[in-house]
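Next up: a single chain in structure tokens, the form predicted on its own.
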Amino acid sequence: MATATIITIGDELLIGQVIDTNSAWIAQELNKAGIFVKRRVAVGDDENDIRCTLDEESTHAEIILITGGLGPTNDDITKPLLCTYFNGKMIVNEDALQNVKYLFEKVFKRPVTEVNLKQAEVPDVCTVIQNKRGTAPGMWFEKEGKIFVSMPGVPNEMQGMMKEVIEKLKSKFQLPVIIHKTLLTAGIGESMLAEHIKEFESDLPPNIKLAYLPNYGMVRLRLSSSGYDKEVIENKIETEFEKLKSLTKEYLVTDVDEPMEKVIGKLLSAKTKTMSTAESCTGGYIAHLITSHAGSSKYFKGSVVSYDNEVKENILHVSNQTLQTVGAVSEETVKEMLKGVLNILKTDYAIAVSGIMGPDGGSAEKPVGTVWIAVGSFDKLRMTANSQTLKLNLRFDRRRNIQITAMNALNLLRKFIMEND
């Protein structure tokens, strides 16, 4: 069974200036190919630390994938370090050189500098992986039965190389099939869910593992298994997955590993319906989640970000009396916001949210974390909004409060659509 370590290089990762998305993406691709990721390590731009990390990780895994430090500036030290680590010397790779010249002359339309040309230099002991999306080539090294692959830290460039890397790894190793089946639940906490399915968990076959993945008030349950007979593994895990779905049907959102906003999109697409949002405290975050998926224009018309009360009043037609008497964070206000956005954008369904995200702005009556959500549709017979509301009392920081509000709003809309089909 082939195992891998992912090493990400850069001081910016260690000080939190840049979030490491490369490791998660690489791990997913390796997993699909049947390669288990044993460790993920971040290391700064320090030669000794990088050398020690390479030595250490080669004792844990057969495959070491490295990203970062391949740029043309002096702080990019990975390439010269790898050259000395594998006892090589720097040479110009002609294909990489032509790629650099082409990009600058034809694509960037800028003169090529000596610094840019140095991107085509590679250790003579590596196999070059050409970079079709940038100037820094990737490098494949083999040493004492271990494989080391160095790729750029720029996500788009690294991802472009990974297909070739995966194919080369498949030719080197006999890889098993790794299968995951995931479902999403809402309305029950992790501990209560564990109690609810404890007998199922204890009866699972030894080669099938159950994982709990809680987030934003919801819990994903993942069954995982691996082996060399794909059909046998699929049948076994499917049998257990059906049992799990039956046990959790009261809380089941989806039996596919996908986010809540995509569940909403599929639901609306299947019914050829549309939706919109009126957002105050979330500042357009719900609309951002929905439109981050391709094809969302089929069912999402738009959003009114009514952060200020003047926008609530003048655009969404929330009454001044409502705002003055019960305030912006109230059931009455979100219901009027809902009616307003349904009237303006003419959608079948809508979400409206208003709340206090913090860290300031709360009161004894409405502390930080108080949120009102309304979802609904337009009742043409009564010429009013048919709605359902929910009040949240959150206790987290501003960012997490926004995220939890968005997930609860989307889930409330999901249930409303299903109940009012």
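Since this is a predicted model, take the numbers as computed values, not measurements. For every residue, the number given is its place in the sequence shown, counted from 1.
Unshown form predicted together with another copy of the chain; subsequent notes refer to it.
Would another copy of the chain in the model of the complex be within 4.5 angstroms of a non-hydrogen atom of every residue among Thr113, Gln159 and Ser296? So, yes: the whole triplet contacts another copy of the chain.
What is the one choice in Val318, Val122, Ala287, Leu184 with a heavy atom within 4.5 Å of another copy of the chain in the model of the complex? Here the answer is residue option Ala287.
Of Gln130, Asn235, Ser191, Thr325, which residue is found within 4.5 angstroms of another copy of the chain in the model of the complex when only non-hydrogen atoms are counted? Partner contact (heavy atom, 4.5 Å) among the options: Ser191.
So, in the model of the complex, is Lys366 in contact with another copy of the chain at a 4.5 angstroms heavy atom limit? Looking in the model of the complex, residue contacts with another copy of the chain do not include Lys366, since no heavy atom lies within 4.5 Å.
Can you tell me if Val305 lies within 4.5 angstroms of another copy of the chain in the model of the complex, counting non-hydrogen atoms only? Heavy-atom contact with another copy of the chain at 4.5 Å: present for Val305.
Contact test in the model of the complex: Ile344 vs another copy of the chain, heavy atoms, 4.5 Å: Close contact exists here: in the model of the complex, Ile344 approaches another copy of the chain to within 4.5 Å, heavy atoms only.
Would you please decide whether Gly362 lies within 4.5 angstroms of another copy of the chain in the model of the complex, comparing each non-hydrogen atom pair? No - in the model of the complex, heavy atoms of Gly362 and another copy of the chain never come within 4.5 Å of each other.
Work out which of the listed stretches, 85-93, 235-243, 160-168, 310-318, brings a heavy atom within 4.5 angstroms of another copy of the chain in the model of the complex. One stretch meets the cut-off, namely 310-318.
Using the arrangement in the model of the complex, list in sequence order the residues of 1-23 with any heavy atom within 4.5 angstroms of another copy of the chain. Residues within 4.5 Å: Asp11, Glu12, Leu13, Leu14, Ile15, Gly16, Gln17, Val18, Ile19, Asp20, Thr21.
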